[in-house]
Structure formats: structure tokens, C-alpha cells
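Take a look at this one chain, the form predicted on its own, written out in C-alpha cells.
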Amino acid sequence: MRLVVVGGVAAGLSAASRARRLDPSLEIVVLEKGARISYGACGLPYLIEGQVRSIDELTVYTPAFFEKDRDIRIRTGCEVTAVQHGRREVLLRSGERVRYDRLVWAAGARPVLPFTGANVFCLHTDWDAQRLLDFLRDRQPRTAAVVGGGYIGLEMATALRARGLAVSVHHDATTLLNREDDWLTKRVAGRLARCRIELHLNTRVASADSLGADLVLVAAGLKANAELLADAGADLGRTGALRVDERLETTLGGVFAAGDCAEALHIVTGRPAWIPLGTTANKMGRIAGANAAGARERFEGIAGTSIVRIGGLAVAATGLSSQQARREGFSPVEVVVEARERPKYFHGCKVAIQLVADRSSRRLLGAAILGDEGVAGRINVVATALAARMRADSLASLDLSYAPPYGPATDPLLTAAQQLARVLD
């Protein structure tokens, strides 16, 4: 039986590898339209900043590794232009037809580009990064405008500022990082100001010329690469990405979808959501690959847990903000607590923690944590609490570790949870 996987980065290679482990007899073919597979796209902003020396350092595995060690055939430069599910074939741009018995669609997403130009860039693939690096080297721009206030936009604003450019950020909403949270936006705006990065909120950019910058970086969002499967008969969900069941199978039998092209169940709302993240893609790929190989595994869902570094400030979030929770039918209550990450005599930095819970059930709904240290570990605790459907009281009573070099006797997360429980009483 032949399994064809479309997409050779996070979700696709996770799917192919898991399918191989479960069924050594499968013929597995991965089709990747680019020239490179298995690279850490999330590291591209740090490549631009100079913390990563070359794109090659971001490469995890080569095609030769997959073919020799895992018996998975990798074909790069193969762009799929159509799916003919009735014939169990995908059509390549070259005109070749590739037969499949099972198909994993891991085609990802593509950047939304409202305008183009010789000095306009996005940062989605290795090719995008190389083009931008060449421009920075050859043209030596002095000013940059970033369009978009999401993760990539703010990471790139930091990266370009670190290279010495004067940077401005232009965002068409009033809040940053898709969080709909004035508190978080105010904190991030303060850090951008400290880095001398101009921030323009609620600003729609019509053209690159209107920005007057030497370099324009567009990070205005993504669109799921779902159209080809939709044309073949697969249903799209409410988000515009592919609708899948708990086994990540689309409405086309034997066709699975994983990663940025597909929806996933949100563990807080219980509804499908589309939150394109590399961690989600890897996990979905494993389940899709297992089920394409004949398993019966269930994808448990996502909370949208993320963390980003902005001018040295770690900004992490999971679950829902108060605004998002209210829109989903909850009655949210939130608290914001500032506390030292370590005891004062250990020169601990301050961390700011926002917790959100539902008033009637006391169930935790989400969190945002900002600080210079210790943020990743604490947001992961809250993500675990969301998966366990914990109430604020349960979070407040967790037995967390303590030693002065690592944290105070009462962790700031517990302090926030205790305050939240009091507000709910």
C-alpha cells in the first residue's frame, strides 16, 4: 500500500515517520514543492537577527537520512496542482500523476500579501529568508516597516532593530498577538518603545510606498492551503481550514490533514479552531500518520499555547483571553499579578501573570505571562491545567518546587491563582 504525504516540513515528516514506525511494509512518498525539507522555520527570525549563522543550521534532517534510515522516499521540487480522489491520484505541476492509497495533506499555509514590491518581503520559507538576507547585505537599508502585529511581525521588528535599522510596526487592529487583550498590548508596546521601535495600531496599510521605508516586511497573517483538497470534495470548516474528525481524517475517506492547513479541536471551547503553530503541526502529523497507517488514534486538541521573544521580553499565552472567552459564551473573570521571579536577594526579575476563569464553573480558561525569565515553564503549567480542566482552586493548591535560585517560596503562578480564587468567591 502506498502512502503519499504532501508537505515536507513539520506535519508531513512527522506523519511519514510515524507511519513508517507502525507499518514497515508501507511504501511512503513525501512530495515537497520546495528545495529543502525538515528545517526549523521558527528559527528564521533569529537567522535574520544574526543569532543563527546560516539556513543550513536550521536543517534537522536531509532527504538522504529519511531514505536511508527510514525508507521514506523524499521528492523535492514537486508541487501538487490537483487532487483526483476518485482515481486516488495527485497531479504535479510537471504533469506527472502520483498514485496513492492513503493521503496525508500537510501542505501548510501561505502568507497573506496585500501588496508586493521590490523592497517588500515576507518570512515564511527558507527562500524568503535568503532573499531578505541578500537585500540586507546588498542594499544596506536604514529603515524598515513591519506590517502586522503577530508573532512573526514582532519577532522581525526585534530582529531588524538588532541589525541597526530604524523600525516601525503597523497593525490593523487595536491589540497585538491575536489576543484581543489591552493589558498584554500595553505591556508589549512598552517594551517596543524601550527598543525604540515605533508602534502604529489600528492602521491599515494600502501600499508599500505609503510607508516610506527602505524595506517592508509583511506579516499580515496566513491562509490555509486547503483549496486543492476542497476542489477534490473535502469540506472546509468554519475557519476556512480543512475540517477533520478526531482522527484527523477529512471528509474524503482515506485522506488525512495535519498542520497549518487543518482545523483542530480547541480544548477550552470544545469547538474547531485554526491556530497555526509548529508544535501543533508536529503533534497532528504524528496522529495523522498513525491513522493513515491503520491505527485508531485520537487527537486530543489544542489550547493555542505559544511563546515569543520581543526585545528580550518573553510573552506567552494559552487558552482564551477575557474578550475571546466572552465571545465563546463564558462569563470570564481575570486577575493580573506582578511578582518577583526569584527572591529579592537573588535579584529576581518581575513576572506579570494574567489568569482568566469562568465565573460560574471556576474553570480556568486561559493565561498570559510576561517576563524576562521563567515564563516558558509557568505557561506550560497553565497549559497542563487547561488540558486537565482544572479550576482556579486546584491550580492554587499545586505543589510546585521551591529553591531561592529558581523561584520564591510561593510561586507567582500560585499567587495569581490564589487571588483569582478570592475574586471568584
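Everything numeric here is computed off the predicted structure, so don't read it as measured data. Numbering starts at 1 and follows the sequence shown.
Same protein, other form: the form predicted in complex with another copy of the chain, not shown, and the subject of what follows.
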With the partner omitted here, the residue among Gln324, Thr305, Gln354, Asn225 that in the predicted bound form has a heavy atom within 4.5 Å of another copy of the chain is Thr305
Which listed residue (Ile37, Leu26, Ile379, Leu31) meets the criterion of a heavy atom within 4.5 Å of another copy of the chain in the predicted bound form?
Ile379
For Glu300, is any heavy atom within 4.5 Å of another copy of the chain in the predicted bound form, or not?
yes
Close approach of Val98 to another copy of the chain in the predicted bound form, 4.5 Å, heavy atom:
no
If we define contact as a non-hydrogen atom of the residue within 4.5 angstroms of the partner, is Ala64 a contact of another copy of the chain in the predicted bound form?
no
Residue-level contact is defined here as any heavy atom of the residue lying within 4.5 Å of another copy of the chain in the predicted bound form; does Arg93 satisfy this criterion?
no
In the predicted bound form, which of the stretches 310 to 318, 327 to 335, 173 to 181, 141 to 149 has residues with heavy atoms within 4.5 Å of another copy of the chain?
310 to 318
Suppose contact means a heavy atom within 4.5 Å; in the predicted bound form, does that hold for all of Gln51, Thr279 and Tyr406 with another copy of the chain?
yes
Would you give me the residues of 35 to 52 that have any heavy atom within 4.5 Å of another copy of the chain in the predicted bound form, in order from first to last?
Cys42, Gly43, Tyr46, Gln51, Val52
